[in-house]
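Consider the single chain below, provided in structure tokens and representing the form predicted on its own.
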């Protein structure tokens, strides 16, 4: 099946293409669609569903959208739905990844509770009345300096106790099996396979 993915993030598209290997995934840009959705929802579900329905309305074809982020309980749930914009000035450009990671580490300075988890809410829209949702998490903790060269975003700071590595130290295939996005994608792939 051909599926539009509501993103222009090449890292995310690569991850999803591996998870949905039996299907062909495209970005809106690749299909000549000008697409923008402002994420104003207060939950991962609101943002993911909003993105998916908005793109489906434009394209009229199956769409996958996700909203994902990092949650740090000791910071009151920050960065949460603002993960990609965390630390950025209001109305200004987003910080780049190293700056955003330094901002997070600065906020966590002196905190002993470094537990955290990634969240991914993924929505598959076939029609506005027929859609499927999966939300998954990946627990870990934030370390004090980046490690690893794989992955993107907060991956170099996100340490997995059971692997004794950060997510950025895991090979891509391993990450896709255990990550929050991988887990949510596997759930929706099972839905697609059952249709």
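As the structure is a prediction and not an experimental result, all values here were calculated from the model. Residue numbers count along the first chain shown, from 1.
Separately, the form predicted in complex with a further copy of the same chain exists; it is not shown, and the next lines address it.
Asker: Could you tell me if all three of 26, 35 and 90 have a heavy atom no more than 4.5 Å from a further copy of the same chain in the predicted bound form?
Answerer: No residue of the spot touches a further copy of the same chain in the predicted bound form.
Asker: Contact between residue 61 and a further copy of the same chain in the predicted bound form at 4.5 Å, heavy atoms?
Answerer: No, residue 61 stays farther than 4.5 Å from a further copy of the same chain in the predicted bound form.
Asker: With a 4.5 Å heavy atom cut-off, would you call residue 165 a contact of a further copy of the same chain in the predicted bound form?
Answerer: No, residue 165 is distant from the partner.
Asker: Find out whether any non-hydrogen atom of residue 117 is located within 4.5 angstroms of a further copy of the same chain in the predicted bound form, and reply yes or no.
Answerer: It does: once a further copy of the same chain is placed as it appears in the predicted bound form, residue 117 has a heavy atom within 4.5 Å of it.
Asker: Does at least one non-hydrogen atom of residue 132 fall within 4.5 angstroms of a further copy of the same chain in the predicted bound form?
Answerer: Contact check for residue 132: yes, within 4.5 Å of a further copy of the same chain in the predicted bound form.
Asker: Ok, 45, 160, 54, 143: which has a heavy atom sitting within 4.5 Å of a further copy of the same chain in the predicted bound form?
Answerer: So the residue touching a further copy of the same chain in the predicted bound form, by this definition, is 45.
Asker: Which among 62 to 70, 152 to 160, 135 to 143, 165 to 173 is in contact with a further copy of the same chain in the predicted bound form, heavy atoms within 4.5 angstroms?
Answerer: Heavy atoms within 4.5 Å of a further copy of the same chain in the predicted bound form occur in 135 to 143.
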